[in-house]
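Below sits a lone chain in structure tokens, taken as the form predicted on its own.
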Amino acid sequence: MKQAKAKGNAIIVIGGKWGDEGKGKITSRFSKNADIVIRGTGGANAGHTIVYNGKKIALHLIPGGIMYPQTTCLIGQGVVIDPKILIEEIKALEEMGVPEVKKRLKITGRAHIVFPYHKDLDGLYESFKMDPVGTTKRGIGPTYMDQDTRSGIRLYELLQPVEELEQLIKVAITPHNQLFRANNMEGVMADAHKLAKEYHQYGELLRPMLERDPDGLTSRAYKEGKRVVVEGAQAFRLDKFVGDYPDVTSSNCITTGTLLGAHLSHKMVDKVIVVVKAHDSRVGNGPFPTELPAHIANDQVISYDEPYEGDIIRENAHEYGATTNRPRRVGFFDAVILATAKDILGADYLCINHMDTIGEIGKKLGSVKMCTSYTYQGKLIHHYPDDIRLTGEIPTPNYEEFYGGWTIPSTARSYDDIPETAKEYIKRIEEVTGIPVKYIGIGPDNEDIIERDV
């Protein structure tokens, strides 16, 4: 039998560098008219802010598309769920007046659960390392570790009788408690009976939102031509396979990993939008070729008389982590990373946020720089090197300079309203990366995006 091929209908939003790029902004734009919005990877280590009826709320697990009353929102199998945080988010959304949250929110039973002992393990593992990654201590990595050792607890397991759940938790915590005891951490050793009673109650609270056929949900959406939006978490250089290992997150957060976590196949994709900022930033440790000097020590801003370039960018761009409030490391725009990411992400379009901010920063600094190639191991290269950890060398950025900066009027609504210098900056990004810039963020609100014909 011949079967008609349905057109891909899913828009995938992916971070292009190290996260915190403003993915929620472009996701919100497409979610307005979406039927289904999906979160596919990560956990409460990611965060984005939504605005509903003038009120702001930071969401860490629930897709931001929940604010639009026509959407069904799915937390997919690639997400690890802290049920306490999830229940708090549901309550906060209901108190804000978001309609039918529990009716429209679906959670796959395959999603693994974050327990308190995972958070304690997170801190312990960091303490063992010579060069700590700088995790959020939300227990994400240890939860994925239990998943990989087949001792993890899923939402399905929380719904079993307490006695059966207790036995599963006993198996999961045995090696962890031995590790806690060996490191004089008896005070955080897990009690399977107490956890089983508590987390079974969480499971019952979440039971009404359990989606028992998540694959069918997305398959039907595909066949019926419904509009699907996938909110990516983290970003390209934080993917545990292709990123700056070991300074990465614990999930596969590039396009293919996000699709798997969201219960989608490649056939269901309409377009992939890669989101970046007009400058760069990074939280935590790891290589950062264009990083600029700033007054930061131990994840804190230290007092200073005269700001460095990094301080000027950080403060003007409000570069503090949404989840941790840690000051971010900042630098000029690295186009080489995006050129490297293009094919593995399957990028169709770029969204560049903070185009207004970098223009004003350029006016203060006198110019804006862009990295368009590297010098690495004595050679000129045009890709992000894969062997940085082996060589111990961070590639040296080669910059092009755009003098004077620019101001983008708050009334700008089309590409024609953008100053010529800003257009030159955008054009150069397209030339180096090979990805067309279709969406341009020019302000803090979700509506402050110019869509360009490309």
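Just so you know, these numbers come straight off a predicted model, no measurement behind them. One rule holds for the numbers: they count along the sequence shown, beginning at 1.
Although not depicted, the form predicted together with a small molecule is the subject of the following passage.
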- Which of 41-49, 420-428, 396-404, 61-69 lines the interface with the small molecule in the model of the complex (heavy atom within 4.5 Å): 41-49
- According to a 4.5 angstroms non-hydrogen atom cut-off, is residue 356 in contact with the small molecule in the model of the complex? yes
- Message: Can you tell me whether residue 444 touches the small molecule? I mean in the model of the complex, with a 4.5 angstroms heavy atom cut-off.
- Response: yes
- Query: Does the 4.5 Å heavy atom contact test between residue 328 and the small molecule in the model of the complex come out positive?
  - Reply: yes
- Message: residue 32 versus the small molecule, in the model of the complex: is there a non-hydrogen atom within 4.5 Å?
- Response: no
